[in-house]
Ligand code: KG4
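Before any questions on binding or motion, here is one chain by itself as structure tokens, the form predicted on its own.
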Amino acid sequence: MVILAIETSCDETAASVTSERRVLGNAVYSQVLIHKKWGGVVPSLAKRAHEERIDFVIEEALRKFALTNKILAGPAATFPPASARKKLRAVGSPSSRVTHQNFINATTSYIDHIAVTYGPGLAIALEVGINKAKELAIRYNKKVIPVNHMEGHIYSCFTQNSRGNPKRPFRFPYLTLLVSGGHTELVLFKDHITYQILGETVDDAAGEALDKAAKMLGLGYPGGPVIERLSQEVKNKDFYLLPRPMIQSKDLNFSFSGLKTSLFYLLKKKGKEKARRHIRELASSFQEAVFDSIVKKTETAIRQTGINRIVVGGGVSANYNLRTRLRALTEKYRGSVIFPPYPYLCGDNAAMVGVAAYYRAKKGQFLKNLGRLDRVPRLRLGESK
């Protein structure tokens, strides 16, 4: 089963061709440089960038699929690489357009279904991917599989390269920790496409808190990688003992808004010059407070559920310090922890959407009425289209 997957939930325009868990062709266009000067994602700019790039990204994923699998012959096989494509379009000759369409038709004939993220995310960003999925489904007579963005992050941990590596068998159930810019959740992953939310953030997500802290510290956007680097320079130590909100609560929910407020008043008390001199210590202390909350809540979840097999997905899962702490936690309970096997799978991507879609397709969860496909910005795990 070969699936063309599309992802436009926030600020990454992504497309991928997958077969079961294997990624056969993948392309991602990052909008970081567009949003960097604004200190965060601007929805209207995100939508425009998606619209400008989505055709190119899909074509690039299809081209990589074609080259990897050597499926094309004739004119389409010699379709020029990306470096020459711009020149051909500028010339606009009939022959170049014909060759281009031959390429699209030839590769799309190998696609069985189309998958697309329909939530959660920015409404006007989701709309771009959904509209493109509808367009392709109608043009090429394909069934559509709507996918929850967060379940994509879960399946990112089990995604394989084109050769089928790494070979990770499923051993249900799993305790899943999702940590991204928009979400922080603990989820019981009972079986394929079967989830139960155990706890979630009541305000800011972990990634969002790190970005906001970076902005207060004058470190720019995105903030997570910068804070990680500065924290490593001072050995990831906690110098200021910032609070750990909700750490004593018996539930599995998270809160990071109060932590952000504490940093604000600490910086105000220190003043700009002193804060600048201690920027590494401040960054490290904030990161330690965030990760303490995450690790301790995860430990509470292990105790409550008795499950010691952990799956970790989302952009913050790329952080080396967090990975180290979660590995130590699972060793303490004689368990195991799984992270996305390749760096690009930590961030938003379409490969994870295609893999999740495969397991939905196996259960026959295709969209029955294309007209009903619409964006659901606040979609939760367990809800279905």
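The first residue of the shown sequence is 1; numbering continues from there. Quick caveat: nothing in here was measured; it's all calculated off a predicted structure.
The discussion below concerns the form predicted in complex with the ligand, not included here.
A.B. asks: Looking at 356-364, 317-325, 23-31, 55-63, which one sits within 4.5 Å of the ligand in the model of the complex if you count heavy atoms only?
C.D. replies: Careful reading of the contacts points to 317-325.
A.B. asks: Taking the ligand in the model of the complex, would His50, Gly129 and Gly152 all count as contacting it (heavy atom within 4.5 Å)?
C.D. replies: No: none of His50, Gly129 and Gly152 comes within 4.5 Å of the ligand in the model of the complex.
A.B. asks: Although the partner isn't part of this model, could you tell me whether Ser284 comes within 4.5 Å of the ligand in the model of the complex, counting any heavy atom of the residue?
C.D. replies: No.
A.B. asks: With heavy atoms only and a cut-off of 4.5 Å, decide whether Val147 touches the ligand in the model of the complex.
C.D. replies: Output for Val147 is no: heavy atoms all beyond 4.5 Å of the ligand.
A.B. asks: Do Pro225 and the ligand share at least one heavy atom pair within 4.5 Å in the model of the complex?
C.D. replies: Judged by the heavy-atom cut-off of 4.5 Å, Pro225 is in contact with the ligand in the model of the complex.
A.B. asks: How about Pro245 - does it come within 4.5 Å of the ligand in the model of the complex, if we only consider non-hydrogen atoms?
C.D. replies: So Pro245 does not count as contacting the ligand.
A.B. asks: Let me know which residues along 200-216 have a heavy atom within 4.5 Å of the ligand in the model of the complex, or say none if there are none.
C.D. replies: Contacts from 200-216: Gly207, Glu208, Leu210, Asp211.
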